[in-house]
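In the structure tokens that follow, a single protein chain appears in two forms: structure 1, then structure 2.
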Structure 1
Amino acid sequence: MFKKILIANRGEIALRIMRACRELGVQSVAIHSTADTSSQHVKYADESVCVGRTSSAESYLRVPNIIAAAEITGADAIHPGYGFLAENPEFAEICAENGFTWIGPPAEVIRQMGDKATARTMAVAAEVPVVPGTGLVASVEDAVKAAAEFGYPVIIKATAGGGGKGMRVAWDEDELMKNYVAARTEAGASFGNDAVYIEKYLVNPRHVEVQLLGDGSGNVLYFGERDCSIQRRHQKLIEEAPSPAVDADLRRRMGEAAVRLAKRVGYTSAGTVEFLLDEDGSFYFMEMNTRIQVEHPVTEMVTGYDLMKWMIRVAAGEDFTFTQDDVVVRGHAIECRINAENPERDFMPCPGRVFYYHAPGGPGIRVDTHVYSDYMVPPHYDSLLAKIIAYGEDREEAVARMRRALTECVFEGLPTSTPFHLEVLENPVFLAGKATTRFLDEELPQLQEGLRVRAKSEEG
């Protein structure tokens, strides 16, 4: 086992990794920007190093400074968490070249699966179902030709994309010609790579992802699925496990498909294969995330396995002490991402001081957060304040516990997305387990009206 791990991240995920380290008897090193000097992950770590100024480019993305921090503290491994450099193959290679163990999949796997066109080709080779689509399309004329073959609507995707950037839906040829240019422009500006490809657009699917873990001996196991259909601009807001739309047979088929792909590319560590689940029960490969996911706690709650500790143990050379038959999904878990945003103003980010924070508790409640009373939420990074996870024997109990937890949670001093989550948890479509990726498109007016009523009631 490692003696000391540097966590190349911040906030709640840095704390999550440090807690796993402490349980394994491993020391942790925090890095931070000048804006995060008083962050909780800095206070909790055994050691900390400032790696730059406030912007991500000058700190959490500054590779030479991070490597220097690992060297001066004597770390023997680096965990990237999610975001920032977690899916950067060059960073993984630099870590290895400087003698640090990378806690994640091999750099070449990150490179292959990070390129969506290559990942699609690998999925086809592994006999994983894919949505009808193309390889890279070099011109708008090629895009129009492909769309004529598949039929509208189609979706244009950046091959190096993520977070919904470089993605555009086209419902006819005129819209395709306009959006093709827009998608390439955005992809080039966001990722330094303007290459795109075309897929048939599924109008009303669910977003269902399978959690994987692979060890160094070629064993790859799946840990059930998560339903991440409630999204805003391709950003997940609420996740749950298991999916209300997936039965035992479908879970097995999706899990086995994900494992086939992972084994084909030589996958180790934690990762996620994302699928689109159509209304007729067909599922199609969308992409692979070569890192731990924000929403991993719901899987931990329903399977009982600590994914973060197993990431570290696998990187340290340990193999699984259990088999696929030992991985059983029990009960139901839901995660709500609480952000410093104003849902009544189009989810506008609202950084500022948290004058008072009170965490929810009670049976079945887990809270992953880096926030404390009098904490200043900086404007330089994402607006995530906390992840509240509720577990119950069934979905009905998990929903009830989440409602209770949301009403107990207090962040005084700035708006949060908590009222929005309460509205979703009272929505009949959500309660029926019927939410798809179009949920917000169809239900947002009703949710906003509920927010207005809720705000007036609280004022009164």
Structure 2
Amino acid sequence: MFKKILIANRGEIALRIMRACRELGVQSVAIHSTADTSSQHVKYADESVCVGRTSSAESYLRVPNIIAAAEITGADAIHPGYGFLAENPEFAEICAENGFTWIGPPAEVIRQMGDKATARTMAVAAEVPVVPGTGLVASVEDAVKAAAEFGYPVIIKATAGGGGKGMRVAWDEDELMKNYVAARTEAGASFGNDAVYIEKYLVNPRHVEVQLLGDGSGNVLYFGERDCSIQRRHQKLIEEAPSPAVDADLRRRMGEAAVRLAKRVGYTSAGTVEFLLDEDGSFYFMEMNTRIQVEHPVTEMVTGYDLMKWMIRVAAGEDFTFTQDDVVVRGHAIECRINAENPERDFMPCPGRVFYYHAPGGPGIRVDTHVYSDYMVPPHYDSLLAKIIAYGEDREEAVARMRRALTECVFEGLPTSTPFHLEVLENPVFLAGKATTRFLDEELPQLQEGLRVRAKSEEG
């Protein structure tokens, strides 16, 4: 096992990694910006190094400073968490070149999966189902020809994209010709790479993703799925495990498909294969995320495995002490992401001081947060305040516990997404387990009306 790990991140995920380190008897090193001097991850760590000024570009993304911090503290490994440098293959290589173990998948796999057209090709090679589509298309004529083959609507995707950027839907040939140019222009401006490919557009799918973990001996295990259909502008708001739309047979088929892809590319560490699950029960490869994800706790709750500790153990060369048959999904877990934002004002981020924080608790509740009373939420980073995770024997109990936890929770001084979550937890479509990726667009008027009523009754 490692002696000391540098955590190249901040916020709740830095704390989560440090908690795993402490349980493993590993020393932790925090890095921080000048805006995060009094952050929890700095206090919790055994050592800390300031790596730069407030902006991410000058601190959490400043590779030479992070490597220097690892050198002066004598760390033997680097954990990137999610976001920042987690899916930067050059950073993974630079860590290794400087003698630090990268706690993540091989750099070459990060690179391959970061290119969405390549990832799609790898999925085909691994016999993982993909939506009818193309490789990179060289011209608008090729795009029109391909679309005529598999039929409208189609979606144009930037190969350098992911998370929705450089994506355009086209319902007919005219729209395709227009949006093809728009997608390429946006992709070129956003990523410095304007290459695009085309897929048949699934109109009303669910987002279902499979959690994987690979050790250094070629073993790859799946830990069931998460349903992340409730998103707004490609930001996930609520995640749950298991998916209400997945039964044991589908779980096994999706899990085995995800493992085939992972084995094909030589995957190690924690990773996630995202699928679109169609209304008829067919599933299709969407993307592979080569990192530990925000929503990993729901999987930890329903499987009982500490994914973060296993991610560290396999990076240190340990193999699994259990098999696929040992991984059983039991009960139900839901996560609500609490952001410092105003759902009544188009989810506008609202950084500022949390004058008073009170954590929910009791049976089945887990809170992953870096917030404390009098904490100043800096405006420079993402607005995630806390993840509340509720576990229950079944979905109904998980929902009831989540409602209770959300009403116990206090973040004084800031608007948060808490009331919005309470609205979703009363929505009939959500309660029926029928939410698809269109849920938020379709239900937003009712949810916002509910929010206004809620705000009024709090005034009165």
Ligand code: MV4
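The structure presented is a predicted model; accordingly, all values stated were derived computationally and were not measured. Just so we're on the same page, rigid core means the largest C-alpha set that superposes within 1.5 Å between forms. All residue numbers here follow the sequence of structure 1, with the first residue given the number 1.
Asker: Two forms of the same chain appear here; which of them is the form predicted together with the ligand?
Answerer: Form predicted together with the ligand: structure 2.
Asker: Align both forms on the core first, then report whether residue 344 has a C-alpha shift of 2 Å or more between structures 1 and 2.
Answerer: Where the cores coincide, residue 344 shows only a C-alpha shift between structures 1 and 2 that is less than 2 Å.
Asker: Answer yes if the Cα of residue 138 shifts by 2 angstroms or more between structures 1 and 2 on a rigid-core superposition, and no otherwise.
Answerer: Shift at residue 138: 2 Å or more after core fit.
Asker: Please check if residue 219 moves between structures 1 and 2, taking a CA shift of 2 Å or more relative to the superposed core as movement.
Answerer: The answer is no, as the C-alpha of residue 219 shifts between structures 1 and 2 by less than 2 Å after core alignment.
Asker: For residue 185, tell me the Cα shift between structures 1 and 2 once the rigid core is superposed, in Å to one decimal.
Answerer: Here residue 185 registers a C-alpha shift of 3.4 Å.
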